[in-house]
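In the structure tokens that follow, a single protein chain appears in two forms: structure 1, then structure 2.
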Structure 1
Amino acid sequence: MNKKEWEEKYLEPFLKKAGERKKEFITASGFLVDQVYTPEDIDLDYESSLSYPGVYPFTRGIYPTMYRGRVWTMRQYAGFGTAEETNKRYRYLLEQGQTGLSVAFDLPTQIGYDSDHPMAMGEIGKVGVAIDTIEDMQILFDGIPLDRVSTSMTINSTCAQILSMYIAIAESQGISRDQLRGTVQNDMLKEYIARGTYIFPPEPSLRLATDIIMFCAKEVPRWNSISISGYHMEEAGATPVQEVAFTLADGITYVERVIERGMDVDAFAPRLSFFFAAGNNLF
């Protein structure tokens, strides 16, 4: 029996007796969903479409053992008030078994205003921690071994300043920059598309973003120099298709720009990372 025969012989008579809950079933991307999927619905060559974990095209995962070797990094995004309060929250999360840190900065920090600037009024410490100086950064990571945790920082327009502070406090603790592990978001394009914390026009923003990618490739080799993000597009209302498409198109732009500036693709591409949203529809 094939799918068409099943539909004629079993499905249609059944539908005549008992209808379905809805006229049509639609995914978050607007695809109409059939009652069932079968081998006939997919054009699948196992080796080229899926292959094995740890093997190109990595559809089944990027490592041969996936979570059997080590589970994903549990990384709770946190930050509020001043560096002292946030530092306490980080220590609490690490005590509770969290395995990576993720820093939320307040809006003034994200758009480059110090806490005493009129533009910062009413926003200090609200959606994240306020960081003005290298001293604030020192307090934020006080007592946290920077050579042993990985730290993700949601920072874009002022990414170079924040990354510099992180490198500087690590070096003052005797930890060299090539030992540091973590991620900076550094994805300026999605700021214009969906998130909104841009400062400069797109061209200088792209220059800064590629400066950071190139700097990290040479000097901070274990650091993810960008997290190309679809999450904020999804939060702004994008469908999964739009989230995937626009995020990859942003990624293509960064890769093109760095190559244009003379760096070999394999010298920086292994350190590109991505960031997506998981919504209510499991699929």
Structure 2
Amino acid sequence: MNKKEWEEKYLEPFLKKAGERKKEFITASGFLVDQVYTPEDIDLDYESSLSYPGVYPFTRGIYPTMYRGRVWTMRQYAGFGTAEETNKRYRYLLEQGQTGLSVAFDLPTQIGYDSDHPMAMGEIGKVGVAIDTIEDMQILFDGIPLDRVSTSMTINSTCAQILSMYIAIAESQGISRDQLRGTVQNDMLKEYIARGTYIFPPEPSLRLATDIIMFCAKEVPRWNSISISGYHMEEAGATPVQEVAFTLADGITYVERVIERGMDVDAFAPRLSFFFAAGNNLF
């Protein structure tokens, strides 16, 4: 397949179906950036193994347009103190043009302690917002239409409780769960490898994580039910190779567990997301 054939067979039908037109992208230096580059562009006489965007085996992305069809959601990771304080911050960020929210929860919330528990002392609202009750969740998203923003929630061990509260708040706004867009981290395996906010042993934790993946596939179809994470491993000292290896191993484990429980891979795999560390030395 050459570039022209790819455009006719994949790109143009994709744009037509999405009701979009081909967009021009220009760098800060004024150079026009083509839709996709192949060996044809540099006059090299060899067959590239990279294929094309939107073409199996998807080595260059799953959509023909990739980020050009819809610009990445820009969201600032935010959360501190009380739900009231964080709600003010979210409203401010949305007023400045942010299109999604990313919720930071404090450590007691992440490991299942109420703010009045002795073990929570000194940590309440410190590295994220304190959420103890559904009323806190109501305050956190007060005045924010949950059908118009996507929400990422960095939560693992208490993911089931937090996601349940979020869905309940949305439904109280008259928004059905199939309209919700966002992500929960829900990556329990990396907690044992790198981070430590686990509550239960690995097997029960895996069961909870896969419960959430299966629930979202059936009930919240536009939601990313897990964010399989390598970033934390890099922060804990892993090399880039180790980070990718551990993360893919975790991802394979989740997929195998859900399949073992009787769900077809195509019913849930499109909503698996990944979170890697990508520094200046990525390439």
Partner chain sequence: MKDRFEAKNPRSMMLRFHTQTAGCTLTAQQPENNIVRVTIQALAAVLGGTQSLHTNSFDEALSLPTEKAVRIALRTQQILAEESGVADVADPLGGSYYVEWLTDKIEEEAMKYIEKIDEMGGMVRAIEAGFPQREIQRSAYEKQKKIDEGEMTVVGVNKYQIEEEIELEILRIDENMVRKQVERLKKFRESRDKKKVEEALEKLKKAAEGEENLVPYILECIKARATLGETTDVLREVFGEYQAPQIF
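Between two forms, the rigid core is defined as the largest C-alpha subset superposing within 1.5 Å. Just so it is clear, the model here is predicted, and its values are computed rather than measured. Numbers follow structure 1, counted from its first residue as 1.
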item	value
Identity of the form predicted together with its partner chain, given as 1 or 2	1
Core-superposed C-alpha of M66 shifting 2 Å or more between the two structures	yes
Yes/no, L272 Cα shift of 2 Å or more between the two structures with rigid core fixed	no
Large Cα shift (2 Å or above) at I259 between the two structures, core-fitted	no
Core-aligned Cα shift of P57 between the two structures, given in Å	3.2
